[in-house]
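Single chain ahead, by itself, as structure tokens, in the form predicted on its own.
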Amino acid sequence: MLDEAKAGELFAHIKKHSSADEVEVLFYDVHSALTRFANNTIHQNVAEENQVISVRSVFGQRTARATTNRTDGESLQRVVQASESLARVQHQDPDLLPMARPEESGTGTVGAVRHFEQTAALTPQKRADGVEQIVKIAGDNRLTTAGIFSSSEISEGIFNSRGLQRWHRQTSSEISVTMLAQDSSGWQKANSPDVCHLDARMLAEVAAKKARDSAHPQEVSAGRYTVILEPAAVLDIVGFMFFDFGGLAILDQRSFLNDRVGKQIFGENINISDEVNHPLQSGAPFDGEGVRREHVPLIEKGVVKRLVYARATAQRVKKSEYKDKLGHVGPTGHGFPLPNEMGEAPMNIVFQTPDNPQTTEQMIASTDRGIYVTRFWYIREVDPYEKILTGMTRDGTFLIEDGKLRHGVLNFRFNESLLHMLSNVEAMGTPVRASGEESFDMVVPPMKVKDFNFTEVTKF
């Protein structure tokens, strides 16, 4: 794979061909592989290697980017020329800042190890061995299974003509399992940089149990219920609010936090931060401009405390009407590669461990009547400012009565405000690294929430 030394040589070659005032290069080298199974058999095994070099050129207040996946001298010269040609015809951007300096990039490595040799060395045979365990459990339970077992190794870095140079390596592995019965289903998914943290057999057994236990689902009327949400369900629904925690979203008045920063809008038991160095997180310790990512307390005791900022956004906010309303304002290392229209967002979300964490079994035992939710899907935003979302339950939805899971139920459609939901959390478990389908991975707890609004019953 591409390493930092080789990237430095390529950057030197690119600089030699550049006539721009400033030049920046993003390097991205990924080796990924995927084993897909359905109907209790592997039906696809694919692997991909791709090396991307993305060059951004600056002339005064004009900038543009061009990308190639070839590293020969002629291709590098062409991508530089393309970047410069595009930059020269752009409109001037009055908010464009000089590229980041080395002192803005930080030093040293990320606090948690993100690259694991056992993940990088994962072979098709080893993935097939994991799938074999899943298929056996499906057969033993007379179920049909489908899903994936994937792995990847990534090297990424950023170099610029002001001397900034950062490099990051990491691995990733993921297993997703769906178990299907005649009229029910179960699902589990896990992702980790270290494949040793994935247990294919355990995931399959949990998914199979949900499919068995939710068989012959009964119809329960829609309405407001106490719900117990698994971490994947929490992740997929709360993920819809974090792109609103960027400074540019406030300036554009497209954030539900406009006029709410510094105010309590959630329950006092809600504490959320962005922590790239958390041991259960993943990703590079620097942003799309090479600026080091800071630990940012986003919500403390239900109060929105801070936002995240790219370098240019921080400068704009300091000159705007919001400068005295947003508290501490400064670059936090959460920007996306320039040019972009998104600005920034926190991507390493961590819910803090509650004072008295409960297991899901304890939450169930303390519930007289409620609904247990494995996950949500097909989530869409209904009201962006009140953060009202709609979607459906899926793959393991159960009625709780007298402190016990009684039986599977037909799935529900919900209409729920995140402000309402996170103001009604009665209990939480210990946060874990969770994976869903509608949002990025986070460190989140299972939750018990009162008065969750189910509006319709589905036919399945």
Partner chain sequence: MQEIASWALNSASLKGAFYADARIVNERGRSLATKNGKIGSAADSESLGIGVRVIADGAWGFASSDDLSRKSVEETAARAVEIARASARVKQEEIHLAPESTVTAEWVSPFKIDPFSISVEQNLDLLLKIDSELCAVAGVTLAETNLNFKREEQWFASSEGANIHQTKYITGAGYAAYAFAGSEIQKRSYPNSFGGQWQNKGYELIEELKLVENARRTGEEAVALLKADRCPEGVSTIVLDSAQLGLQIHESIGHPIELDRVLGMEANFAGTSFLTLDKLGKLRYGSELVNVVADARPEHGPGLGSFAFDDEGVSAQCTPIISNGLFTGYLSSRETAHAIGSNRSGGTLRAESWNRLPIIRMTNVSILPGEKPLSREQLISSTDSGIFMQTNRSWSIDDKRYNFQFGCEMGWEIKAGKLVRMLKNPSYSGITTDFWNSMDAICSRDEWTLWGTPNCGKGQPQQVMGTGHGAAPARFRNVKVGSAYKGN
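Residue numbers count along the first chain shown, from 1. Since the model is a prediction, treat every value here as computed from it, not as a measurement.
Keep in mind that the form predicted together with the partner chain is missing from the display, and what follows is about it.
- By the criterion of a heavy atom within 4.5 Å, S320 is excluded from the residues contacting the partner chain in the predicted complex.
- Looking at R65, you'd find a heavy atom of it within 4.5 angstroms of the partner chain in the predicted complex.
- Contact annotation for R375: at least one heavy atom lies within 4.5 Å of the partner chain in the predicted complex.
- Although the partner is absent from this view, P357 stays clear of the partner chain in the predicted complex, with no non-hydrogen atom inside 4.5 angstroms.
- With the partner chain omitted here, the record of contacts in the predicted complex names 171-179 of 296-304, 349-357, 171-179, 98-106, defined by a heavy atom within 4.5 Å.
- Residues P124, Q125, A128, D129, V131, E132, V135 of 121-136 are found to place at least one heavy atom within 4.5 Å of the partner chain in the predicted complex.
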